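Taking the form predicted alone, here's one chain by itself in structure tokens.
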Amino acid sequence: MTDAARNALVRSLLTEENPFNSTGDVIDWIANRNREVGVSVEEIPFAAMKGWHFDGETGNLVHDSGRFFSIIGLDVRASTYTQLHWQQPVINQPEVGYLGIVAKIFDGVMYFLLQAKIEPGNVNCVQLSPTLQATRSNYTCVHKGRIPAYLDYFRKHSPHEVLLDQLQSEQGARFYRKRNRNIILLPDAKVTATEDFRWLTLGQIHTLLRRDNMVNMDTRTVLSGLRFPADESGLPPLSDWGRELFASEASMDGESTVDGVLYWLSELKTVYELVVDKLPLRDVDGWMVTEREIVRPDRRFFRVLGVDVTIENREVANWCQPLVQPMQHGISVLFAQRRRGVMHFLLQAKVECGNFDVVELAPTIQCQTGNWRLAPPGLAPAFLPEFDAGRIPGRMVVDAMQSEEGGRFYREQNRNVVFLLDDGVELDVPKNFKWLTLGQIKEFLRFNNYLNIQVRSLVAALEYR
């Protein structure tokens, strides 16, 4: 990234004034698109899902083309602090899709081109999505629909136009080893915003992230990888919290060094075990397939349902597909605290069945809200009972409901919280938790499969102003 681009990025981070679209205009635009675009999502029996069938040999729920994704079974054995064995359905989508954002610099400020995109599983239909959000099956037009807008910018770009390019994982408890290409481009060519697209600054996006379900999961994961220069000189006055974040991003040596964190992760991956075998869906123990859902008899965790979708402005206006619906809202909490004079964040090394490499770094707390109270004694998520009861001194600096990806999940929301612990509060930290600076977190974000999508969403919500 050139010096001019770095300066424009920081100005974008600290700017909410937008001569193209005020934040109020963007909110009104999304509301108008919700009113104007016809949307119908109807739950239907699996037998009525055009283009889908249960495979005769495995019972897996698959697309007739053999593309897009499928619902298969997994047999999972995990050895961490205890021995666990379970079976479950999972989304198998081996394709690597694009999550791409086009950026441009206008008058020294970087702007990001986001679209008002409707996904069938969104709780509120329209959310702010990346410029391009498409699976390989989508952008190669397996659905025989239109080519996604702006695709050529991502398929024909030059290396010098790349601001960020990473492969990042999706939800490890719902997908089997799923990754997408997270990419931000600053193209030389002119870019015109069409009807469903608007230019926004990072400052505006952070303001909208304080609202429930305005900025979708894919936008959050892409933006989480941006790194900001540490030098505060020449910047407008910052809040105390903003100064703390800039200082933390500049720090690569906190309570642990980067090498120390790598050693800790390697040790855990050696000690912990995760053995995952694909299983025919019809053989998954503890789950049943009915005419309308794949579900546990006790109705815990999640279910798979079929939907018939009509959305007027999509590449294909009507289609059918399965969606995964959680049985409760979730919660993701990232603890922050000043330690040794630098802001740190408490991450856990979390084992999930779809992980590529046993563990990924996750928020301090990550679970479905209704499940932890049913956990056996001593197996409730660390810190959650005390946090839930308000017994940990501190304050919320981020607190909003955020949706998961509406193309695969049906009305799934998680409460996203960044919680600043009071100075001097000491926690009994288990061995699979580690305090990291923001600089160390961003360093691990440069590489594949270190930070899970839940912690990336929380990093994206950190507001520097």
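What you see is a predicted model; the values in this text were computed from it and never measured. Residue indices: 1-based, along the sequence shown.
The discussion below concerns the form predicted together with another copy of the chain, not included here.
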query: The unique member of H157, R314, R339, K104 whose heavy atoms fall within 4.5 Å of another copy of the chain in the model of the complex; finding: H157
query: Proximity to another copy of the chain in the model of the complex, single hit among R136, H329, R282, R299 (heavy atom within 4.5 Å); finding: R136
query: Proximity to another copy of the chain in the model of the complex (heavy atom, within 4.5 Å), stretch among 216-224, 356-364, 117-125, 190-198; finding: 356-364
query: Contact test in the model of the complex: N448 vs another copy of the chain, heavy atoms, 4.5 Å; finding: yes
query: Contact label in the model of the complex: Q166 to another copy of the chain, heavy atom within 4.5 Å; finding: yes
query: Partner contact for P393 in the model of the complex: another copy of the chain, 4.5 angstroms, heavy atom; finding: no
query: Close approach of W86 to another copy of the chain in the model of the complex, 4.5 Å, heavy atom; finding: no
query: All of I147, R174 and E352 with a heavy atom within 4.5 Å of another copy of the chain in the model of the complex; finding: no
query: Interface residues of 257-282 toward another copy of the chain, as seen in the model of the complex [heavy atoms, 4.5 Å]; finding: V258, D259, L262, Y263, S266, E267, K269, T270, V271, E273, V275, V276, D277, K278
